[in-house]
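This document opens with one chain alone, in structure tokens, the form predicted on its own.
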């Protein structure tokens, strides 16, 4: 069952008075997100990621296409959808002098909480996001990391079925980002929450996301698991040989070898499946009389896929 079913979504922004300009933010984007999945949306700045999330969260109305979220149409049933989702941004901003407990209580009231239930909810969220010790610290006195945690806590105040996270670890130190990613993974594991996130961090997408969609110029260029994306654009595992003699011209034509380059005294072969191809290549190298001085195998980084698609 799908949490999000978006088909051929189009959104154009118009500006100017005397010389009207039209900027196509989305040009026929289609996505299908299963319930309980963590789905990543990646792309360069200006690709349309935030516009897409805003449409899915019913904050913008699409110009064309069909969008169903949690079984409801975003145009006709936005109110029903909003009760069941929430959103957090890496650039979140709250009133400078309010305290985390006050901020969470304010948003809790917007969702109908009051009295003991509201106090319990605020306490639970502060504990979940490791903010209990900072409940009475003014917002502008919090570090960037704690502000991000507060934004996440706010987005959980209504215990949403669907959560949108726009660059949730933007600008955080690596250790703080790692803890926040752990919290996000826990939400899916413990609550079965569907999460859609945008990110610039390839490692984050690989660690968290079941599926990833790459968007550029308002279009989905590729989607799938991290492994599937690597295979789609012929970025496979890399086997690096140091040989004596140092050349083996036939390697580039061997079965399963996608490309072969020489770098820093090594022959680096990108292959479709290292576990299968390595024994075959070693056997033939032996038969050809080559001495293998060293061999290394590494998986490609998702960032390599991103670079290829962003060109």
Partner chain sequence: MSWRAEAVAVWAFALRNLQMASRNVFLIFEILFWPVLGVLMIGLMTSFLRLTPESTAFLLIGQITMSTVHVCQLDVAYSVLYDVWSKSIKHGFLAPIGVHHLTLGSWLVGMLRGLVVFALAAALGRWTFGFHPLQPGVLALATFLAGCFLTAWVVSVSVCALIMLLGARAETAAWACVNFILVLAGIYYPIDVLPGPVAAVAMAIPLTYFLDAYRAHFGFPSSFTAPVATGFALSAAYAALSHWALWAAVRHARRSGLLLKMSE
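Residue numbers count along the first chain shown, from 1. Everything quoted here is computed from the prediction, not taken from an experiment.
The protein also exists as the form predicted together with the partner chain; that form is not presented, and the subsequent description refers to it.
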- Note on the structure: Here the chain appears without its partner; judged in the predicted bound form, the stretch of 188-196, 169-177, 76-84, 124-132 with heavy atoms within 4.5 Å of the partner chain is 76-84
- Item | Output flag, 11, 89 and 107 jointly within 4.5 Å of the partner chain in the predicted bound form, heavy atom basis | yes
- Message: Within 4.5 Å, heavy atoms only, which of 102, 237, 211, 161 is in contact with the partner chain in the predicted bound form?
- Response: 102
- Looking at the partner-bound form in the predicted bound form, is residue 154 within 4.5 Å of the partner chain by any heavy atom? yes
- Does the partner chain come within 4.5 Å of any heavy atom of residue 251 in the predicted bound form? no
- Task: Check whether residue 143 has any heavy atom within 4.5 Å of a heavy atom of the partner chain in the predicted bound form, and answer yes or no.
- Result: no
- With a 4.5 Å heavy atom cut-off, would you call residue 61 a contact of the partner chain in the predicted bound form? yes
- Residues of 114-140 having any heavy atom within 4.5 Å of the partner chain in the predicted bound form, listed in sequence order: 114
